[in-house]
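Shown next as structure tokens: one chain only, the form predicted alone.
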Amino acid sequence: MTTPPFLSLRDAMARHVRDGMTVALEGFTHLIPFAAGHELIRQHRADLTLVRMTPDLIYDQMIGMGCAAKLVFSWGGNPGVGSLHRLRDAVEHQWPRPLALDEHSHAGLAVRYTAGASGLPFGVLKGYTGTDLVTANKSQIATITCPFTGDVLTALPALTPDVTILHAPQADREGNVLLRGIVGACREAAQAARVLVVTVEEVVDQLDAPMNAFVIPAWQVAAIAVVPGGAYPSYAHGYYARDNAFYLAWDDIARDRARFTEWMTTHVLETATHAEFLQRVGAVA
């Protein structure tokens, strides 16, 4: 078994993410790969199709900095607070550039990842009937009739990201990666991707997988970057808590274009590493 290379975050993003790619940065409330997203902003990646179940603050930041041409998502908001103002500005006023939308439910996006992971052209579910999603997203939602029951089902095209990026608690020295806690669609997004890159809190001699955890084998991972605090301001179970104050503060920061741009310049573009970012924002992760 080949051990994936351990790279710096900068080198991992530069090697595997290029302009125009479809990129999924997954993690559901927990283990959101903020450090990787910030590095893509520093590297001025552009024309990306960004995929996430919930765009969260990291995609608000990437959209506002002009990284995204399209967003594939299943709920767009600042969790527990309100709107994602940079996402809304891009949709309503095309600032800083127009943003195409491909919207689904959480279940629908999970089905699309699962179809991609299974090598199928599409996935099916009982859902979407009577919702506005069918009207708003006609090109990505169809119906088929089950040949066994005659039921009319919703069909959705498979998702196969060029790159999926995850943040995880641990990797071992052979490159196997452990995920635990709330993992959302991380497993499906990892298996659906053509390339998988993982940032981790730490490297350990042996993974101790508790109940409900799962291990991604080393052969599936293209690169690993050790980035302590790499999920901040979201949380990594057993390492640091979610910074709810940051999510509240972001609502005011993101409302104004000038204030947003100044904040991103100071805290992301003018920091060379995620460690410097954490120092700049006064994080305790």
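As the structure is a prediction and not an experimental result, all values here were calculated from the model. In case it trips you up, residue 1 is the first one in the sequence shown, and so on.
As for the form predicted in complex with a further copy of the same chain, it is not shown, yet the points below apply to it.
- For residue 163, no non-hydrogen atom is located within 4.5 Å of a further copy of the same chain in the model of the complex, even though that partner is not displayed.
- At a distance threshold of 4.5 angstroms between non-hydrogen atoms, residue 95 is out of contact with a further copy of the same chain in the model of the complex.
- For the chain shown alone, residue 237 is a contact residue for a further copy of the same chain in the model of the complex, at least one non-hydrogen atom being within 4.5 angstroms.
- a further copy of the same chain is not shown here, and in the model of the complex it never comes within 4.5 Å of any heavy atom of residue 169.
- Across the proposed site, 254, 264 and 266 without exception lack any heavy atom within 4.5 Å of a further copy of the same chain in the model of the complex.
- Taking a further copy of the same chain as it sits in the model of the complex, the stretch 48-87 never comes within 4.5 angstroms of it through any non-hydrogen atom.
- Look at residue 211 and residue 219: in the model of the complex their Cα atoms come 3 Å or more closer than in this form.
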